[in-house]
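A single chain comes next, written as structure tokens; it is the form predicted alone.
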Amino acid sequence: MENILIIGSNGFIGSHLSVYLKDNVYDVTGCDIASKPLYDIKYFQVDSLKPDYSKIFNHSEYAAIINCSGAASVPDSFKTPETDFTLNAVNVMKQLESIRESNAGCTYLNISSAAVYGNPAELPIKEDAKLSPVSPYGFHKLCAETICNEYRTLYGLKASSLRVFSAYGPGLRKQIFYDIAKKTMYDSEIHVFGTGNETRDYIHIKDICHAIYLLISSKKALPTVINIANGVQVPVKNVVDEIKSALDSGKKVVFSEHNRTGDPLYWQADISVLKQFGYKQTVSLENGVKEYIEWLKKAEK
């Protein structure tokens, strides 16, 4: 049984991944800023702004280390860019430096973001597309990718960045699914940024976990960056319709016609690289929305 370390194991992706990998017969250790883990796994607590990762490697060596930690809010990155930089870039260097000193043979996967692309020149977006972030969050995720490439190139670490597109699923209490669902449940009208024609490439958390499982269990060398998505361009208005349908709501939808600062207009990933590792979508948007709404209804009681 291989040892896996998940940094940020209490977060949205990290918590789901902990359960998924444990169910798939991995020995999972978690690491986060909370005093205890969400699930029954071995666990280390670290300080939020001055984490010491070296102590973790005094206890065990890991076959793979997955960094799911960091800030994950575009609006907050505009308000507090220094904090965002610390959490999304500085901590990645601290992790890699500890790995270089104590666990250099492991596979290191850094959860990055499609935000590094900004507004792409063409769709679908390949991994070698021009990178033009439009938010501090996107710039800092790009900095983290550069650090990963530095340690990969200069020190030979097996570091890769996973550019996750629009993630969703049970447990997520922010971003469009949560915002629209809450407005549909409680507001008289559903107010949404933009025109509704903006697009995203949505991927359910179960499929994110499966993609990561395929990567860490593969015998093939991993490339520097990999898109994590489904390769499908979905308009925002379609998501609104799916959420309204799942809640059996006839409420009026009002689009602001103005986009939020830092939000790209159109996204669709090229997932040719990910497919080479055997990835196939398992959760449709319709079923994923229904599952999310069922979770939210219970969570709101």
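A residue's number is simply how far along the shown sequence it sits, counting from 1. Just so we're clear, the structure is a prediction, and the values are computed from it rather than from any experiment.
Beyond the structure shown, there is the form predicted together with a small molecule, which is absent from this document and is the topic of what follows.
Verify the contact flag for Val254: yes if a non-hydrogen atom of it lies within 4.5 Å of a non-hydrogen atom of the small molecule in the predicted complex, no if not.
Contact check for Val254: no, nothing within 4.5 Å of the small molecule in the predicted complex.
My question is simply whether Asp32 lines the interface with the small molecule in the predicted complex - judged by any non-hydrogen atom within 4.5 Å.
Yes, Asp32 sits close enough to the small molecule in the predicted complex that at least one of its heavy atoms falls within 4.5 Å.
How about Tyr53: is it within 4.5 Å of the small molecule in the predicted complex, going by heavy atoms?
Yes, Tyr53 lies within 4.5 Å of the small molecule in the predicted complex.
Does Phe165 make contact with the small molecule in the predicted complex, using a 4.5 Å heavy atom cut-off?
Because a heavy atom of Phe165 falls inside 4.5 Å of the small molecule in the predicted complex, the answer is yes.
Taking Val46, Ala72 and Lys174 as the candidate spot, are all three within 4.5 angstroms of the small molecule in the predicted complex by heavy atoms?
Every residue of the candidate spot has a heavy atom within 4.5 Å of the small molecule in the predicted complex.
Identify, from the list Ala229, Ile111, Ala159, Ala144, the residue with a heavy atom within 4.5 Å of the small molecule in the predicted complex.
When the small molecule is considered in the predicted complex, the option within 4.5 Å is Ile111.
Quick one: from Ala181, Ile190, Ile125, Leu87, grab the residue that has a heavy atom within 4.5 Å of the small molecule in the predicted complex.
Only one listed residue qualifies here, and that residue is Leu87.
Only one of these stretches, 147-155, 101-109, 134-142, 214-222, has heavy atoms within 4.5 Å of the small molecule in the predicted complex; which one is it?
Going through the listed ranges, the match is 134-142.
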